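Only one chain is shown below, in structure tokens, and it's the form predicted alone.
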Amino acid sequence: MGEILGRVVATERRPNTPHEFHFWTALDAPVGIGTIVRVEGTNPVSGHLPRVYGVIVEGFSYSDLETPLHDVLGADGSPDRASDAPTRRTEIRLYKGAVLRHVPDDPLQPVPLGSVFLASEQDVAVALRMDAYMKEGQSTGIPIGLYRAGAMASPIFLDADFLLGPEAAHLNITGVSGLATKTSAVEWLLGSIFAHFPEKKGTVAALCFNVKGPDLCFLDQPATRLEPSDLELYDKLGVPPAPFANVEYFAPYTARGYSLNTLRSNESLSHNLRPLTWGLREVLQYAEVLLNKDDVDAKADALIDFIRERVVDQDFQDAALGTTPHRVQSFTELERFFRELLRAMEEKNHEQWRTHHVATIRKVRNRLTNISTRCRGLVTDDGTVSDLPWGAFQDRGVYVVDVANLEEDAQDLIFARVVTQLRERLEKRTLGVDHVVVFVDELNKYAPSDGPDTYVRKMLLDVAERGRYLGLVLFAAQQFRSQVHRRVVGNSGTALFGRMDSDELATPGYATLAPATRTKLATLDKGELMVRHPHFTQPVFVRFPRPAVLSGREGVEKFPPAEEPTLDEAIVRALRPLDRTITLDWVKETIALADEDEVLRARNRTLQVRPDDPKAFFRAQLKRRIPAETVAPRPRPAIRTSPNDDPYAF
């Protein structure tokens, strides 16, 4: 039974209910806000002594004073004379507990007057209903952190069925930037999932969008320091303190196209860094992400649909364009198609082509061909594609798409296409894994509670509401939960809260929390979280260890980003992982006669194909040019001069 901690008390003004109760303790009792306790009843109900588990949500301190004036008069108005009183004034501690579980749970009755005990590790498992999914040989528990009370420490597990589906899914984490350790919590939880995800539930991978600086750029590098307390937590929770073993990074090129647009540009980290480039076929399906609805009306939409379905990637033939069929596979070929079409209409003085007015054609031409300029570095004119390994995702693999340095249009395009591809391939079971965790930071930017209904927000709503049936799980983080669309956060089965801002806690969404709980949330230390989970009827406070990966700030210091290279250096840096014999002198000699765009296209094509002989393949992509030779001038015959004595040159 353990040592009695306190006694349940009920008064006329504060009666106990089936959902809350009050109890008093000694002044030195090791309890506080968030402590889990057990109440033992004394009167059997249906042949069983009732047992109630609860968590402390409020605390009070009382004395026998009616008003503060009595204490002031008793000390003659001098605080330092209060100790001269002949008797010590009585103080009591009263706590309010929210019920976690009744055993038995039927009939549901008010909490009985009984003894209160500090919950043991077994009690914590019963109170949080973890015993239902932590059965020997059938466990679906994912450790989230350690609950501490006094000298007792108990691991807290989330149910994988309610974290990754299909029962419920999605996770949302909120907290002050820099103090709530939101990114660290997600890194830790992904490591915990990879270590404990049940084999019977299939395979799992993670796809992370790096939207802030170098936050997620060093997941494959070990942490520089882990305190003994962190290692103790790793050991207690059964997670190896090691970085992720299988990580791949993807980033578009910069506007110049010489190097990848990421802070993970140190040459020693290039082995798992891949370019992310798309062509016309990959982008046209998501053109509405970049097009303004006020500028592109229904007529323009009809023409875009016609081009997507009838022109792109097909042998398109039309009488207005002559007898030669057009095959459009890149933005360059699309521009040529529009140019020839408009020229033919001008020559024949036609204002319409297949019911499309010439003004609509000009507008669509301008909007579509402008995409490769607005998203330069991501979208290529020549159709070169370097994409994520669709169909070959690996179990326990982490795929990071770095969009931190991109413009908003390019970020939206990447986010829309990647998540849509994940959803479609999971539905067809052609991705390579059964479950994918998608991590998005700054969710209030992509799915705000107000503002226009964008394509990205509609897609996020669809993932939040239907993704769990496919195995597509959204892990999202933001500073202000109140500014995120309600349907996104409402469909998150699990919610984590780090240190919170007082203004955020004053919003209506936190009204269900007790004042003392809100106060504790505003003062949490780094590494502490409040957890909400479908099995937990009340939030629980836990502590998690530092992630075993290198933080972004430390990673930039240890692996400084490379400076912007020259064209020669950029080619060497890109091709050397394919062939270590490639040197700067060889590249200079090979590209000496080629122009810049041609060289960049050859590099992109080589990286896309990854041939067995990169040197020969790269050289073959360049146009063959014969260097100019210097020809010695032919001698000319001397001009005849007239004799000095012949003035007429006869």
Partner chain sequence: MTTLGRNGREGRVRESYAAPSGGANVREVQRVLAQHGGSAPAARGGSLETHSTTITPPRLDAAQVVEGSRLEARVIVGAPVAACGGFLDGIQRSVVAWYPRAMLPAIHATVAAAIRTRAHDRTLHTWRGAPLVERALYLPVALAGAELVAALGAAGVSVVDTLPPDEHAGDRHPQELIGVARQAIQERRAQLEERLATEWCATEQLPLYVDGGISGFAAASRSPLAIGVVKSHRTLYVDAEGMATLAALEPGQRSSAMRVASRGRTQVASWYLRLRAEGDPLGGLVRIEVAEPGFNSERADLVSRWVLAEREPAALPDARWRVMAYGIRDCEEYLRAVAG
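This structure is a prediction, so every number in the text was calculated from the model and none was measured. Residue numbers count along the first chain shown, from 1.
We do not show the form predicted together with its partner chain, though everything after this point is about it.
- Contact annotation: its partner chain lies within 4.5 Å of heavy atoms from the stretch 22-30 in the model of the complex, the single such stretch among 601-609, 47-55, 22-30, 614-622.
- A residue is said to contact a partner when one of its heavy atoms sits within 4.5 Å of a partner heavy atom; E227 fails this definition for its partner chain in the model of the complex, lying far away.
- In the model of the complex, E408 stays away from its partner chain, with no heavy atom inside 4.5 Å.
- D585 falls outside the set of residues with a heavy atom inside 4.5 Å of its partner chain in the model of the complex.
- Its partner chain is not shown here, but in the model of the complex it comes within 4.5 Å of a heavy atom of P86.
- Put simply, of T537, S492, S115, T140 only one has a heavy atom within 4.5 Å of its partner chain in the model of the complex, and it is S115.
- With the partner omitted here, the residue from S502, T90, T323, N349 that has a non-hydrogen atom within 4.5 angstroms of its partner chain in the model of the complex is T90.
- Residues of 55-69 that come within 4.5 Å of its partner chain in the model of the complex, judged by any heavy atom, are D64, L65, E66 in sequence order.
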